[in-house]
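One chain is shown next in structure tokens, namely the form predicted alone.
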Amino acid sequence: MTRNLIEVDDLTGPELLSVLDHAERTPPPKVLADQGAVLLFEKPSARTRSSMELAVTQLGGHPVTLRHEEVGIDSRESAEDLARLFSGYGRFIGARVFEHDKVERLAAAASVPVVNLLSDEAHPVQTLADLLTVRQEFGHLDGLTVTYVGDANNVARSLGIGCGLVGARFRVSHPQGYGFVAADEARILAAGTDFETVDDPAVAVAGAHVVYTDAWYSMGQEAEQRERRERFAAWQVNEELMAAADPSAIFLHCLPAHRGDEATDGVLDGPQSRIWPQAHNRLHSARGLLLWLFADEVG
């Protein structure tokens, strides 16, 4: 049976933990030796592209990365036809897209695993790196409190689902009008997440073991930059807000950061920050995911 990772809950809790275990295997077995991987990128990327390409290479494979102008999902060729084509070229297909339905349609038509490298609804490979970073810090995930401060976006949704699968509590705090839609809340709760929305960010981070934020405006939202800066100002993660968290708390950010907006330099570069181990774990967790996907070939 072909397994995909379109959202984090395509994994069970034990499977997610197995991915994290595989991420720390050294040296990793060459499960992709002499095989290709096709990576489709509608959106530019630094961490996602480099980490996945390097993960494939470390497993003995050869990544082929194609940009939007080369492929044109649904403009030059349909998602379904591209899935059928690249199923014959690569051991798996990775896709970083704007609309979530494109990666779902790729998965429905492909005969090899499809990995969502980001869509407007989900960012599961980011969550794998996040949870790996938290587990490395605390030695476990169960019972920890993760607070996400800012726009309840695709990163937040996947993180909330992931927290439920591993037994962590998930709090979110955001300005009015920037929360999860009902379907996203339902999906987070369906993962078994102890989930709470808290209006006051200081209350939301009180006692938290992990404080997480993301950019207030992302690719495609530049026109909203001024409005979002005004609306989100009270949700900046600064030294005062971090002081309200548990004394052992760490700070995470999926990057890239708009320094001085969603987080201060003092937090991003401070002693509680783990943003660089988190970024480096994009590589290790990507490798762990691929090892898990091809577990039948792992010795």
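Since this is a predicted model, take the numbers as computed values, not measurements. Numbering starts at 1 and follows the sequence shown.
Below, we refer to the form predicted in complex with a small molecule, which is not included among the displayed structures.
Shown without its partner, this chain lists 133, 193, 173, 126 as candidates; in the predicted bound form, only 126 has a non-hydrogen atom within 4.5 angstroms of the small molecule.
Checked against the small molecule in the predicted bound form, the candidates 29, 256, 36, 260 yield a single residue with a heavy atom inside 4.5 Å, and that residue is 256. Remark: residue 157 does not count among the residues lining the small molecule in the predicted bound form, judged by a heavy atom distance of 4.5 Å or less. Taking non-hydrogen atoms only, residue 44 approaches the small molecule to within 4.5 angstroms in the predicted bound form.
Shown alone here, residue 48 lies within 4.5 Å of the small molecule in the predicted bound form, counting heavy atoms only. Taking non-hydrogen atoms only, residue 287 never approaches the small molecule to within 4.5 angstroms in the predicted bound form.
The stretch that touches the small molecule in the predicted bound form, counting heavy atoms within 4.5 Å, is 118-126, out of 118-126, 104-112, 181-189, 72-80.
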